[in-house]
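In structure tokens, one chain follows: the form predicted on its own.
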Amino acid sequence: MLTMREQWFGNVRADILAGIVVGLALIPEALAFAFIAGVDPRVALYASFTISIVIAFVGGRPGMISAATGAMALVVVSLVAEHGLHYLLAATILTGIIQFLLGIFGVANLMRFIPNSVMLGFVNALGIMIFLAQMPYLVGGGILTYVFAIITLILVYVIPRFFTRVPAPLVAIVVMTVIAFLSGAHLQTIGDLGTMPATLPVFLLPDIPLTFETLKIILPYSLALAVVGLLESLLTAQVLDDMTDTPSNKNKEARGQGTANFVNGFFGGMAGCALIGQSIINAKSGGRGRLSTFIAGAFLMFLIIVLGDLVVDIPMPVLVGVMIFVSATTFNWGSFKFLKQAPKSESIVMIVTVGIILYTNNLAIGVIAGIILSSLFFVARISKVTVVKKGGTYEVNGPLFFASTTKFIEAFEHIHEEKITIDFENSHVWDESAVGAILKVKQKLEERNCTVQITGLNASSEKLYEQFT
């Protein structure tokens, strides 16, 4: 009870102000994601509102912002195009169920298998993606567009040196919007991106046939959404853990993401997950508790319903300036030092992770590819086994498993002796492939009338060896 009270009311002023900043930043992102997915802007805005409100109560990482995201939007493009909105809502509900079940089964435990080089690639790719996502609002916008973006960026960097009670991004947005209004500058505004909803989301049931055919249509999309959403959310939670030096319950976060998406589907929203950019804005603005996440969603809906006429006039270059600041602080500039100092294999993993994420515009694909590549390098590194002859004894050095069996077998190909001993004191037999290799070597040597004695197996190796002999 004390923990929940602290998470909700231990940082009230900073959480409220940070939530307001994030609420503003959610609008253009949601509208852009709606465009990607091919749905009405209300679908993304309702999703951002609903997910933020629900996750504030049930999430495992206080202060993390979840809403409609580009990664999830990319997954559902073909579903929306071929089957329409209601199948998207059904897929969102099923996504929530899958994520909740994965949370129960401890999916977050898999986080320990993500190497640091992959995490660095993930963070750096996000920083680059956030920056690149701002370019359509800058390129071709005229000199004033660049001026407003640059001045906003300068304000966000300079204001904290003199004033910290109000988040710098919020001050910069208000100041630059007022300047744009008073000067009559012709700039692209939030209102140019799409029509704002005029009402709160309402409960509805997806209008689809409840048949096995429907399940066959939405299940592949829901599985993809569940994996992409949890991967992005859990990695974002880890980034915030490191940034704020506070822990989070990632299995609870997985269940929370599932609950949020399940509820979201009944209120007309598309599937969503954690947003790294807005989460970092929240953290940089002082947001630490659940209240900041709640305020972000509530203020978003307040903005578009009550203050919609004012919000539509906020210049996009101002929000672009804020997001460029976020991209610069997201990117790990220490990565250049890492590239010089780290083993070449880890540097390659980081670069490949960044490259694949940027090429596919899909965080999940890049991270999974990075993990696979890192695993291959690891297997190659530890699969070096040597066999050293000492009299009639052949000492095996190094782990014996599927990746090192070939070298082990080759070491005994040209032996023609009456009796030998294969000593495993400096080795470990890991799998059935290793046992199979030992038996193969023994059989071939015995065919040459060589007596073979196996010694030095430790307890677990001997147990495995006896299991297959």
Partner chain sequence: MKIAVAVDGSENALRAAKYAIELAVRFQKAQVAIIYVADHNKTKDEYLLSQSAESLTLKREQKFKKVVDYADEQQIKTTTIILKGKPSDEIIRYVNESNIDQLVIGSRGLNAFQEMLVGSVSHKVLKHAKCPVTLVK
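Throughout, rigid core stands for the largest set of C-alpha atoms superposing within 1.5 Å between the two forms. Since this is a predicted model, take the numbers as computed values, not measurements. Residue numbers count along the first chain shown, from 1.
From this point on, the text means the form predicted together with its partner chain, which you will not see here.
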What is the one choice in 367, 120, 311, 180 with a heavy atom within 4.5 Å of its partner chain in the predicted complex?
120
Residue within 4.5 Å of its partner chain in the predicted complex by heavy atom, from 362, 259, 145, 330, is 330
Would you point out which of 303 to 311, 239 to 247, 213 to 221, 137 to 145 contains residues with a non-hydrogen atom within 4.5 Å of its partner chain in the predicted complex?
239 to 247
Is there any non-hydrogen atom of residue 280 lying within 4.5 Å of its partner chain in the predicted complex?
yes
At 4.5 Å between heavy atoms, is residue 340 in contact with its partner chain in the predicted complex?
no
Since only the chain is shown here, I'm wondering whether residue 395 would be in contact with its partner chain in the predicted complex (any heavy atom pair within 4.5 Å).
no
Would residue 291 count as a contact of its partner chain in the predicted complex, using a 4.5 angstroms cut-off between non-hydrogen atoms?
no
Any residue of 91 to 119 with a heavy atom within 4.5 Å of its partner chain in the predicted complex counts; write them all down in order.
112, 116, 119
Taking the rigid core as the superposition reference, indicate whether the CA of residue 302 shifts 2 angstroms or more between the shown form and the other one.
no
Superpose the two forms on their rigid core, then report whether the C-alpha of residue 325 is displaced by 2 angstroms or more between the shown form and the other one.
yes
Quick one: core overlaid, is residue 203 moving 2 Å or more at the Cα between the shown form and the other one?
no
If the C-alpha spacing of residue 155 and residue 291 moves by 3 Å or more in the predicted complex, is that a move closer or farther apart?
farther
Tell me whether residue 330 and residue 70 end up closer or farther apart in the predicted complex, going by their C-alpha atoms; the shift is 3 Å or more.
closer
